[in-house]
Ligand SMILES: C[S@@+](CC[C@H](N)C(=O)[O-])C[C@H]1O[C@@H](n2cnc3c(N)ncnc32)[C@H](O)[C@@H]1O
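Just the one chain here, laid out as structure tokens, in the form predicted on its own.
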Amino acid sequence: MFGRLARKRSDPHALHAQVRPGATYSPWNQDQEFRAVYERLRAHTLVDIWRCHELWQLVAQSAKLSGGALLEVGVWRGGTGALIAQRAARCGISDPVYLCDTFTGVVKAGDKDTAYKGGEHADTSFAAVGALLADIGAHNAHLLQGIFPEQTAARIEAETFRFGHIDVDVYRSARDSFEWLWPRLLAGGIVVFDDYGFIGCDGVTRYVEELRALPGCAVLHNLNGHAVVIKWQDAAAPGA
């Protein structure tokens, strides 16, 4: 995967090339509260410090809304889920944080996905993530094990949401997660796609690009690899 990226760096027309912005502002270095939480969780996530700090900040922004739960689909070993739960609690959000995963690896890989075949990232477990949440004191977090939304969403069907983090690696799983979440997302709510900017996750990139045509929202490409979708009015997701 990374060999392919190295070969493409010299091609000015390549879809993927190393991104090296010239900006230098690095608030994560001075954010002592974030750093203390991140250092406890960094071994439990593949998400780098830049994206983790963005999640930290965006959860705080979502606290401006009057209500709504938080949702993560694609938990792996629980690092970002615990980070989201910790930030929500520290911001005074009393609504629950739902963390959804099969804990048996990637599902729904298909012909729109270039690298994932299914079953990747299975090196985790429901029990291990539960232990991490207990250790860090994330009592507002609730684990839902199974394929989302088919097997677990019925348990949270009545909730509305202020924030979603979709980290599922493949097109169909990203689509299914977003289409379930979108009509339940409050105006002003935020959805973050973790896999948007990375080679091998082309299915997620493709789906987010389709969302640019969705009325009632803004789709932002952050050069750290995130795509951030902000909802300002109700509109049906594509295919819903």
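What you are looking at is a predicted structure, and each value in this text was computed from that prediction instead of being measured. Start at 1 and count along the sequence shown; that's the residue number.
The protein also exists as the form predicted together with the named molecule; that form is not presented, and the subsequent description refers to it.
Only one segment in the set 88 to 96, 107 to 115, 156 to 164, 135 to 143 has residues whose heavy atoms sit within 4.5 Å of the named molecule in the predicted complex; it is 107 to 115. Contact here is defined as any heavy atom lying within 4.5 Å of the named molecule in the predicted complex, and by that definition not a single one of His16, Tyr171 and Asp202 is a contact residue. Residue contact with the named molecule in the predicted complex: Ala69 places no heavy atom within 4.5 Å of it. The closest heavy atom approach of Val75 to the named molecule in the predicted complex falls within 4.5 Å. Taking the partner from elsewhere, Leu186 is found to have every heavy atom lying beyond 4.5 Å of the named molecule in the predicted complex. Although the partner is absent here, Ala131 is not a contact residue: none of its heavy atoms lies within 4.5 angstroms of the named molecule in the predicted complex.
Interface residues of 44 to 83, taken as those with a heavy atom within 4.5 Å of the named molecule in the predicted complex (partner not displayed): His44, Thr45, Leu46, Val47, Glu72, Val73, Gly74, Val75, Trp76, Gly79, Thr80, in sequence order.
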